[in-house]
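Let's start with one chain on its own, the form predicted on its own, as structure tokens.
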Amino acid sequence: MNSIQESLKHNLRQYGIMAALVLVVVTFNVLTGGRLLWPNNFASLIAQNAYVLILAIGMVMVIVAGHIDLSVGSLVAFIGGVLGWAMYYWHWPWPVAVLLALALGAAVGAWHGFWIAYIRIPAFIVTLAGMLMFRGLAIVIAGFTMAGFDQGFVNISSGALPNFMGYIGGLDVLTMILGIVGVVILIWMQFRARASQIRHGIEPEPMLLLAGKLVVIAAAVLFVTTLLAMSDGGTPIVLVVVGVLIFVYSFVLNRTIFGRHVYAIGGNLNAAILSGINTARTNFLIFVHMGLLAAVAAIVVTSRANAATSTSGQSYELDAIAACFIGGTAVSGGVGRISGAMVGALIMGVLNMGLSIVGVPAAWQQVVKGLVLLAAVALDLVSKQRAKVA
């Protein structure tokens, strides 16, 4: 029993975030008369907030390492403008234009990383400069809206996986199979991680608590899967893109040397330097990854709008930062999980959609989101102070 209490205390923040998401969903589903969880509305919720999920993945790495990136919104507009230009004026096939966007995103990330890692200009200043520069370039490139792209490109954000397995009882079979496979993989990975902890002499999470957590997560995944299976399209393609990114970057942060170095730099920079970590190289790569993910977000946003415009990406950096902080990423760095940031992004997305359905004006929606962010950061700081006292 003591081990369970200790584990609950250690993971209280993580469980609290998940409980907050459930509370927000239930509250707005009641306030909207059940409309929030209509299958098509839920599918739209994912599509509308895909850019936040994608940007938050990279922002977690940036914040954990003790930095901040204010440029990602402008990057979405700039890269989206170049992407649109390539398809609209140069008539490039959309897959080639997408590759160009990804390469450009990595190059811009390398530009930021160079100044931050090797010239040692604070990331706040470098990315603030980038925010101004790339918003200006976006206006130059996409001053006139470019619209009407190939349907294959539009399907990235608006399409769904082909329903080649048909329906059973009104449910898309492919979507249900994907959800069940996802649950099985999740359970396997959790037990594999537990076995690894035991082999290395680390006290694992109590089996009873692990089993309870997995039951709750599996039920949530299957509930979401059922909603998507009942929607008009089934599994959105953009959800597959986001899912792959979450899996890849969770592995990178938790299972690779690079990921351990990111946490070490954010936890104690001087100790990381003394232990022989190449901090400059790690910081450089962090921003290369952030630029690459900004490019993915630009592709998704441009695809969803079926247009490239210089006004896209407004305040996206704030949405991504807010998702990370709400999801438990520490303001001081060294602590943060991609899963937490995803929950934070979903909380923001549910607030946006729920408040819109209820009819709350956009100005007051911003007020509510600001209060939620402030409360999340205050809770993080207070819990740390209490831990120090204890």
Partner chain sequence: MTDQPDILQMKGISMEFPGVKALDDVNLSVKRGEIHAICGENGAGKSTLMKILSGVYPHGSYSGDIEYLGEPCAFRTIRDSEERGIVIIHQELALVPYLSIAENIFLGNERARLGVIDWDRAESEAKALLARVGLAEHPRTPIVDIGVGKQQLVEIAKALSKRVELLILDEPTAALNDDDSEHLLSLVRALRDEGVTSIIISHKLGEILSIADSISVLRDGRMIETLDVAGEKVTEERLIRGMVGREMNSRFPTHESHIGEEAFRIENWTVHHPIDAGRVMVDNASLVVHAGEIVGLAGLMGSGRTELAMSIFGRTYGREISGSIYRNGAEVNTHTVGQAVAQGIAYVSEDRKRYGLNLIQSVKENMTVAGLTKVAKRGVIEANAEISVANRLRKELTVKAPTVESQVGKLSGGNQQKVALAKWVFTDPEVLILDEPTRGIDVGAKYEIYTIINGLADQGKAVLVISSELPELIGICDRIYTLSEGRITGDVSRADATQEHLMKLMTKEA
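Numbering follows the first chain given and starts at 1. This is a predicted model, so every value here is computed, not measured.
Only in words, not in the display: the form predicted in complex with the partner chain, which the text now covers.
Although the partner is absent from this view, G333 contacts the partner chain in the predicted bound form, with a non-hydrogen atom inside 4.5 angstroms. Residue contact with the partner chain in the predicted bound form: Y263 places a heavy atom within 4.5 Å of it. Residue contact check for S196: one or more of its heavy atoms lie within 4.5 Å of the partner chain in the predicted bound form. For T311, no non-hydrogen atom is located within 4.5 Å of the partner chain in the predicted bound form, even though that partner is not displayed.
Looking at the partner chain in the predicted bound form, residues L161, I185 and F247 place no heavy atom within 4.5 Å of it.
Of the stretches 197-205, 73-81, 150-158, 283-291, only 197-205 has residues with a heavy atom within 4.5 Å of the partner chain in the predicted bound form. Put simply, of V140, A219, A271, V181 only one has a heavy atom within 4.5 Å of the partner chain in the predicted bound form, and it is A271. Taking G166, G276, P95, G170 one by one, only a single residue has any non-hydrogen atom within 4.5 Å of the partner chain in the predicted bound form, and it is G276. Residues of 232-263 placing a heavy atom within 4.5 Å of the partner chain in the predicted bound form, in sequence order: F251, R255, T256, I257, R260, H261, Y263.
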